[in-house]
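One chain follows as structure tokens, the form predicted alone.
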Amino acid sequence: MNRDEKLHIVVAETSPVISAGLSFCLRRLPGIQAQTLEVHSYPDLLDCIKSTPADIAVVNPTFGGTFSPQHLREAAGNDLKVVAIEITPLDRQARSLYDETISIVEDVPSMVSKIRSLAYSPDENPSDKEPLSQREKEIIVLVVKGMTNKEIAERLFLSVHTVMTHRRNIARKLEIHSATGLTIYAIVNHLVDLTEINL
């Protein structure tokens, strides 16, 4: 998809508060031109994606009772990306059915990164060009576990300055600038398990 084109996103959620909130956020993501449409029932969702070409469907996994992402993709008849709204954490098997997940506590940089990765090819997505190093992944895990820069430095035998430099590089590469955003990133990318996090 071309970056100058509008991204068409359908938000399927029975709660009008969550639906309106997600639509509001998606339309205001920096660097992404998104047009959203909210639907509140499974038949409306099917009608919508059959009649209006959508690029992304953001759907509550419990939407319509026996919701199937694959059935939705087949009904769309195009390259529809299906994103789960994570109100409570999904297990790995459920998560694997979706192209991506967005938590209701997702921060803006993380949402931007996820929507870009779904909407644009890798050569159009600068955040895909510079992968995290193994050391940066280790630091993310320790940050998510609640350790301070000093504790991380002691654990990894680094200086506090080096840890801070790694954290700046992580924030730049991922476009994530909060511990909450890093936590979501670490869970979604299987760097940590929920049981390892003090919530």
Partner chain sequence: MESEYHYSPAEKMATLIADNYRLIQVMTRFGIRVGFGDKTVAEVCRDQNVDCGTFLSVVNFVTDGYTHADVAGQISVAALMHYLKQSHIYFLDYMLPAIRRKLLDGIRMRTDDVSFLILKFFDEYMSQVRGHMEYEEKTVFLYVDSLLGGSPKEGFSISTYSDHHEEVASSLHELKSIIIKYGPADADANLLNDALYDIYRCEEELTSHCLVEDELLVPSIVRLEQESGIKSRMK
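Superpose the two forms; the largest set of C-alphas matching within 1.5 Å is the rigid core. Owing to the predicted nature of the structure, the values given are computational and were not obtained by experimental measurement. Residue numbers count along the first chain shown, from 1.
Keep in mind that the form predicted in complex with the partner chain is not shown, yet the notes after this line are about it.
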Any non-hydrogen atom of Leu142 within 4.5 angstroms of the partner chain in the predicted bound form:
no
**Q.** 4.5 angstroms heavy atom contact with the partner chain in the predicted bound form for Ile184
**A.** yes
Any chance Glu5 has a heavy atom within 4.5 Å of the partner chain in the predicted bound form?
yes
(message) Considering non-hydrogen atoms and a 4.5 Å limit, does the partner chain approach Leu191 in the predicted bound form?
(response) no
Assert contact_stretch over 134-142, 150-158, 41-49, 23-31 against the partner chain in the predicted bound form, heavy atom within 4.5 Å, equals 41-49
Restricting to 159-183, the residues within 4.5 Å of the partner chain in the predicted bound form through any heavy atom are Leu174, Glu175, Ile176, His177, Ser178, Thr180, Gly181, Thr183
Q: Could you check whether the CA atom of Ile56 moves 2 Å or more between this form and the one not shown, using the rigid core for the fit?
A: no
- Aligning on the rigid core, do we see the C-alpha of Ala179 shift 2 angstroms or more between this form and the one not shown? yes
**Asked** Once you line up the core, how about Ile140: does its CA shift reach 2 Å between this form and the one not shown?
**Response** yes
Under comparison with the form shown, the C-alpha atoms of Lys173 and Gln33 in the predicted bound form shift by 3 angstroms or more, placing them closer
Distance flag for Arg172 and Asp55 (Cα, change 3 Å or more) in the predicted bound form: the two residues are closer
